[in-house]
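Just one chain follows, in the form predicted on its own, and it is written as structure tokens.
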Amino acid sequence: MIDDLPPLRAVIATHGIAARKALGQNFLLDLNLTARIARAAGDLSACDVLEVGPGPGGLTRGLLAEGARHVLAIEKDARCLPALDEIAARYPGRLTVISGDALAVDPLAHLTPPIRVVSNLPYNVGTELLVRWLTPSDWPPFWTSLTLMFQREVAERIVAKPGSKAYGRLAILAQWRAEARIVLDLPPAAFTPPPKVSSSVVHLSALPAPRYPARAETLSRVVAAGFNQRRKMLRASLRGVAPAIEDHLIAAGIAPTDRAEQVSLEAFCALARLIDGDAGDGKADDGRRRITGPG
């Protein structure tokens, strides 16, 4: 036991918090595992932590027991709030709970940098939240690291390398601006109720600047066009992106007959720069302006 609060099964029974599929809930009840996830986020003693979807508070307790300076938990399910209030009473002044939808709440008014995000994300909003955190209007972002649990398939897409079936837009977005690695795998049996798939925890550390220069909007447009028709050769799938696309592909070191899954992040960035140069703006906006909000 990591603290003197009741076991999570007892908390769930006391407050009547049966997991709801509509909310993407699968509760992780083993407090030793939640403590391991908290440790995977690194030293939390000098950080504020944003947690989305704490549920009955298993990971919340792990974060606080591992020394997080302050935790902001955003929970949509009102049934979980009394359980989270009990945790807040056990750790006075270190836990703030907001009742609301993480897609609609601006957490920055309640957080002091440096900020780490650590969450067992609800399955139904996990990827959308990750994309938001990876694509703010300015870089560096409000967070220094993300330690997030996903379905195993999503985790593999985040860390995928060129040439693999999992490689796509999510890998490009994550690896352009962050170091990404899988730090923990969890079987379905670790959760209540058990999901149909395995889960993995991914740790992403924000880079001070993007790995290769490119304008974010252009890179996103090129990558989306390439992977939306991933079976097509790039000279076909990117035909509508820019005039003389074959010349740009060749100049970027990409064979026009290649498909998107064969192209490295560096080559995609080179292609984006060439397209911008052809458009006449010559910009390679790599998003180094200071962040003012969550994007």
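All values derive from a computational prediction rather than experimental measurement. Residue numbers here begin at 1 and follow the sequence given.
FYI, the form predicted together with S-adenosylmethionine (SAM) isn't displayed, but the following is about it.
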Since the chain is shown here on its own, which stretch among 174-182, 135-143, 154-162, 76-84 would lie within 4.5 Å of S-adenosylmethionine (SAM) in the predicted bound form, judged by heavy atoms?
76-84
Heavy atom of each of 23, 26 and 54 within 4.5 Å of S-adenosylmethionine (SAM) in the predicted bound form
yes
May I ask you to choose, among 93, 194, 208, 100, the residue with a heavy atom within 4.5 Å of S-adenosylmethionine (SAM) in the predicted bound form?
100
Just one of 131, 224, 166, 125 has a heavy atom within 4.5 Å of S-adenosylmethionine (SAM) in the predicted bound form. Which one?
125
May I ask you to state whether residue 120 is within 4.5 Å of S-adenosylmethionine (SAM) in the predicted bound form, using heavy atom distances?
yes
